[in-house]
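In what follows, one protein chain appears twice in different forms, each by itself as structure tokens: structure 1 and structure 2.
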Structure 1
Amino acid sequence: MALTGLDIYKKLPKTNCGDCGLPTCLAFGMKLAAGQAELSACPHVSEEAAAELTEASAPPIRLVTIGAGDSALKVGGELVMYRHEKTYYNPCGIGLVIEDAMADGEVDERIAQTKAASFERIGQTLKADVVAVRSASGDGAKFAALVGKVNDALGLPMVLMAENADVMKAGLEACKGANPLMHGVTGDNCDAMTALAKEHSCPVCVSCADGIVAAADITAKVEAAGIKDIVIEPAWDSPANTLKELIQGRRAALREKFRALGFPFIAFPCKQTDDTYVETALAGAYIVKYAGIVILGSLEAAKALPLVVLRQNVYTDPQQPMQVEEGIYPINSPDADSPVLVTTNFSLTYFTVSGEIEASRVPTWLIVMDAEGLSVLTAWAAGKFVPDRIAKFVNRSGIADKVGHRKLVIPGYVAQISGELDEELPDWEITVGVREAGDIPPYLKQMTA
């Protein structure tokens, strides 16, 4: 049962020494209760109290690291059911599965797909960041060869899939130090797999055809054996059941602090359909609703791009607007005579405005000012998109070197600043543009007609 901050406080030294980094023991207790601090930050807590508090102070969903080095994937560690309550923290892993029964050409194709599934968007690299390697043949040597090949070629965190402990052992030995997720701990192979996981100190994935009720029993066993890093596969017999268990699992962990389900989940839409479109749609549903890792059958670029962008949308902090970089954005190959439009660097503002300019096919210079990621009206109200700042930006942007004219179009929503901006930018003629981005194409066409 979850303890409140006050319950925890009663077991702390109550000296307010500040060694934990927080001013008071009560504040520390509150942080522990919210899963935002580790008990180990307090050097003075008694052993007895520490034992009692370990349960309550552990984060409700464990943060599990898969893989090693720079490419390591951290999943779990989530604190809310709905992203608007705070944010989701650790973007889910997305990857494809490669099997040892596949022909060499097919293996190479999937490795190439994974490498190619990498895209730049709003200053972030969005990519396939995990790969599953599955033993379909049941042959340890074959599995080991494939694991070694995939590891060498990609260096990405791997999910090793084999239910037979000997096959798994061969795979693990082919990628020492790679810290793969061992998939396939069931009621039957639990002891052997747990021993392997301890020997190689790897995270394990508990996977029961009967779903999370049965999985909870096994995670408890695995944990008792000393393995802390666990991932759970929910029921896979139907997408409806997978979604149900993803939701119920998250709820059990966060609301009821049910420890045996307090782990990230992995979903395999590749097991549920042969239709690549439907598979992508199911993966999308699992990305939105609580999967920590999603594994698909293939990841052609046309499939990978929408999936990684969906992940970016879901895991964006709702309180931190996405920003684009300040600067000059040439659209439709503008020249020295093309119009200059100014707007703010809120990503949505930028995308909407640039999209409409593109659609207009009118060559245009869009200059985007750093307004701390706020939209035009909000930035104006917050004093970030105001005449003196805009003037400084126009001067530092270098746009004057790109165009022969000195005409600047400002968004219609800040029409009231045009007079003052005129004074701040004496060389420039200020024009008030349209209020809605949708009206930009006719406006630009008329302007340049």
Structure 2
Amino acid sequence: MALTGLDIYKKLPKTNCGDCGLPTCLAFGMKLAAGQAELSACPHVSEEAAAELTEASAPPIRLVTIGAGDSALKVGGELVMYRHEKTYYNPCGIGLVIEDAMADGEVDERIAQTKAASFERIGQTLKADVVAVRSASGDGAKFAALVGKVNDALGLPMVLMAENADVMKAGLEACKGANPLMHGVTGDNCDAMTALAKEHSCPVCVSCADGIVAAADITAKVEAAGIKDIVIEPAWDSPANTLKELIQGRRAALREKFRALGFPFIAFPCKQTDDTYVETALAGAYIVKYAGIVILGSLEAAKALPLVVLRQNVYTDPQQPMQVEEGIYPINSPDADSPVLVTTNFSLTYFTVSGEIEASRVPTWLIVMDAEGLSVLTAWAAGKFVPDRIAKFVNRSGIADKVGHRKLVIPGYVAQISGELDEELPDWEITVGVREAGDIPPYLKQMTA
């Protein structure tokens, strides 16, 4: 937040009533400053102070919502330059462009690609979440027909691309209530486009070939017209300039508090190359530095998967490991004679191990111990996956009530704890399993043969 806890305290009612859930207004102010509380928790703050605090506490990069309903895409709202400083909050939107000059077959193919760009990884669904519809023909009726078709077929947030206000109006009329991003606001059409944006309550995208310095003048004009939800397209004449402006724009908003550039950015690697491999590499660079939306020319699975996985990795919280709940996970319908394997609750470990067990088709009990989201070796080194803790977990887990044997398989990477674990679990026979998850299927098949 822009204000310190003491600055915020001065604007609070200072009644120490405790209605916010904290004992004093100073404590509440400190929580607000740390981003650990919401101003709405105080029922007694004045309207004037609330407005001032809300403005002061707004993220330096505005949070912009594109689309409506459950599929709405939130971009921006970021607070740091580097992920390790805190975390990134709103994952970059990834999608492709469909033009009204394309043949029906090509349009259908791109719609199908967008639908198919959905993957399951460590318990999360990774997918394309935005689509750009571009007027290449300049024909309002054709543009409107395509917008309507794409909206009906996908229901995803849309970027409507047209610099002619009449064509844009036709597109907006075809998707009322969809809250698309209006791309193509320039210095020449600013007045007409902002009037349309106000009429339809849509966010706008400022595009300026002269770079973000010139774009800042346009964003100031758009804001003065009453439009607050803005996205900026940086220079796209070359990848080097695009990357430079993405970084400079982020730095200006966060470090210099330059409000005219305090908006999310959109990048179009599809404008910069016809080579699908180069386009994918550029998209990856823009996801990392610092595009809020990336639009590609196509979205085949081989292109989409590495990009959505990269996005997932970048937008996880580095201070909070991804983890699953502690407990017993039956895989392949195990019974009382099925083997029992133990591992930690790091998401990647769990989904890798469970996936290999499922692939083996051997009925197995996988018991997952809470190690604060750490992998097996890391948890062992940190003292969180050690014999006494494992023994307590096995005893409280209830696995003994589900099996008729007392055989426990531990990960091969912690073979050194087997002797001590024998002492901690005298009623169990401890077996050292494989080191690599890929070796689990043959190991289980041999074990149960």
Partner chain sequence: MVYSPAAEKYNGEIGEVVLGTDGVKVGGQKVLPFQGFEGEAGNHPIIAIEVLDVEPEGWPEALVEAIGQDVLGDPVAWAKKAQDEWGADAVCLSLVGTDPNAADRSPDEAAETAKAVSDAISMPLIVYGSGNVEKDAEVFQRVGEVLQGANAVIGPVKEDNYKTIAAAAMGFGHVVAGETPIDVNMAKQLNILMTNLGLPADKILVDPSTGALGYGLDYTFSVMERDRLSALLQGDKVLQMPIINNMAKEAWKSKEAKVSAEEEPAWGDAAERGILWEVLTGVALLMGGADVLIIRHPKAADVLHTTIGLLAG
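Quick caveat: nothing in here was measured; it's all calculated off a predicted structure. For the two forms, the rigid core is made up of the largest set of C-alpha atoms that agree within 1.5 Å on superposition. One-based numbering along structure 1's sequence throughout.
- One of the two isolated chains is the form predicted together with its partner chain, namely structure 1.
- Superposition of the core reveals a Cα shift of 2 Å or more for Ser397 between structures 1 and 2.
- Once both forms are overlaid on the rigid core, the distance between the two CA positions of Pro318 between structures 1 and 2 is under 2 angstroms.
- Once the cores line up, the CA of Glu372 ends up 2 angstroms or more apart between structures 1 and 2.
- Core-based alignment between structures 1 and 2 gives a C-alpha movement of 4.2 Å at Pro426.
- Overlaying the rigid core between structures 1 and 2 leaves the Cα of Gly438 displaced by 10.5 angstrom.
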